[in-house]
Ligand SMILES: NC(=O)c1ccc[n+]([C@@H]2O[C@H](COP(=O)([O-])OP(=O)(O)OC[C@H]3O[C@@H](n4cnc5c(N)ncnc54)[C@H](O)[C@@H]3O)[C@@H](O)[C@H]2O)c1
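Just one chain follows, in the form predicted on its own, and it is written as structure tokens.
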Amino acid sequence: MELTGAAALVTGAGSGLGAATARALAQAGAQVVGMDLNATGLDHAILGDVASETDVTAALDAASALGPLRLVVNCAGIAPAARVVGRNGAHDLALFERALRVNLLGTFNVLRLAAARMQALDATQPDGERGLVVNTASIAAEDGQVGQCAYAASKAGVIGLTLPAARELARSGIRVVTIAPGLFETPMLSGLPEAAQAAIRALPPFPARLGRPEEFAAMVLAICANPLLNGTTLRLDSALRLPP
């Protein structure tokens, strides 16, 4: 996919993986719009909720005004932690629902609305590609830890929709690929206690460190460049398998 002159929408672009991706795409020549509930520091920013049709439509309008909308990267997400049955009783159902709403429903909402627009674009040569949607899951979808039921379930849903969406949209020349990152240096991690951070940093086998947001962004660029990547989920995790 040629990024120069194309428009891209990145959700969750206010920090972490989304912010790094938005920067990398802009440096590669794309016209990038970032969507987040906190858009401080973004050049082309849209405040909004990924689970809102109105907000996502506004973000897609803003991106489409800059060029043909060829790329959408879904990075918006939350990671609430709670046990099925904790000290205060059963898992809060509203918390579980919120995780599903942001991580899964929000991802699908952006995907469906973006794909509808991409279908109307002229196909590019040599393969007739019209667009690409990159979603963000997590290795927790496959090896979720205690206290991650809501998060793991929501991210497993993202993996589950990847192949059927790619199969359906293939006739329109639209690819769908998901990245399942492992442990990365993000604001989500920095909010944990020091002891918890130290334990997490010791987990990745090799490289024996946390991932950098720029490495996630590099994977997005690699997916853009390789048209054979479609309908699959790529673990980006230093061979890490999370313990219980």
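Just so you know, these numbers come straight off a predicted model, no measurement behind them. Note that residue numbering begins at 1 and tracks the sequence as displayed.
Quick note: we don't show the form predicted in complex with the named molecule, though the next part is all about it.
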| item | value |
| --- | --- |
| Contacting member of Met188, Ala26, Ala218, Ala58, with respect to the named molecule in the predicted bound form [4.5 Å, heavy atom] | Met188 |
| Partner proximity in the predicted bound form: Thr232 to the named molecule, non-hydrogen atom cutoff 4.5 Å | no |
| Partner proximity in the predicted bound form: Leu37 to the named molecule, non-hydrogen atom cutoff 4.5 Å | yes |
| is_contact(Pro68, the named molecule) in the predicted bound form, heavy atom dist at most 4.5 Å | no |
| Interface membership of Val73, the named molecule in the predicted bound form, 4.5 Å heavy atom rule | no |
| Contact stretch among 87 to 95, 170 to 178, 126 to 134, 73 to 81 - heavy atom within 4.5 Å of the named molecule in the predicted bound form | 73 to 81 |
| Stretch 153 to 182 - residues with a heavy atom within 4.5 Å of the named molecule in the predicted bound form | Lys155, Pro181, Gly182 |
